[in-house]
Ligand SMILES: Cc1ncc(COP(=O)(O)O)c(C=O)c1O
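Starting off, we have a lone chain in the form predicted on its own, written out as structure tokens.
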């Protein structure tokens, strides 16, 4: 082996050895997971391809078509439109661009519950939207309150979330869709986290809300690099109508395809291939089983945490378990857990910590985490 390459590989391995691994079970707050080996193979096989020009790489377009045909069924439709994105942030940006380009967008106002993801706040600033936030008191948005806001502000777009960042709440998609349809407001559903959980958990009777393209829903964003087991970046935005997709495409005459769709120009074709591979491998039934396993492990985590004295735990809706200590500040508790090698995220609105159950987690991971947490709490007394 070339000496220089050997040195680089040695240093890379050193960096890798210092990097937390998902399979160790200590990355508990991040909505990331180790991708499936088949998805990695598919990604690497197409690592040289540019999804930004599907004329040259027409195989990617063929795979995308098959992805859309299959996933449309999961959301109660015969045919949806869309394309692969870099993830929820890009998808959410695109929903706002789609709304902005529509002829009935009189006011550049986006109406959101205060639990909306930060990417919508970011997009509002960059796209020149005025963001109107509806107080929710850490609950799903009240449709009646939202309707009053619609009447008052006449927004261009309203965005709700199917799986909020901090608590995993599900906004009432069906009820908000009725309002959006009645008032001709573009409605986007950010389902980056919940998109590959909610349809399956609803079918199993474990949650009360489904996720579909109800009349009034214009677009839905889903991340496959979260619960779809594909490499980062692998998101998708789905549209009800083709015109809404075309509103996010821009002329690029120098390319063979003649246009770019989305915020990126060059984009990884491996993302398309990995999503295609996982849909073919798992299918509806595979993702159904995975979602239910994650949900049951979240329940298990909830029950284990409840047994620790002075720990208050929020009952999970999706596989996100939020807890806090009644006496120890959550930031202090987080710092102590990080010192033990555990990486949780914060839920600042309730001054708690967030455990997100992902496909790589197992009961033994939760048992060990609870043991460490219990010890830390005892030491603090």
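No experiment lies behind these values; they were computed from the predicted model shown. Numbering follows the first chain given and starts at 1.
This next part talks about the form predicted in complex with this ligand, which is not shown.
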Single option in 88, 155, 228, 268 placed near this ligand in the predicted bound form, where near means a heavy atom within 4.5 Å: 88
Single option in 301, 98, 218, 165 placed near this ligand in the predicted bound form, where near means a heavy atom within 4.5 Å: 165
In the predicted bound form, segment of 274 to 282, 116 to 124, 250 to 258, 207 to 215 with a heavy atom within 4.5 Å of this ligand: 116 to 124
Heavy atom of residue 223 within 4.5 Å of this ligand in the predicted bound form: yes
Contact of residue 193 with this ligand in the predicted bound form (heavy atom, 4.5 Å): yes
Close approach of residue 31 to this ligand in the predicted bound form, 4.5 Å, heavy atom: yes
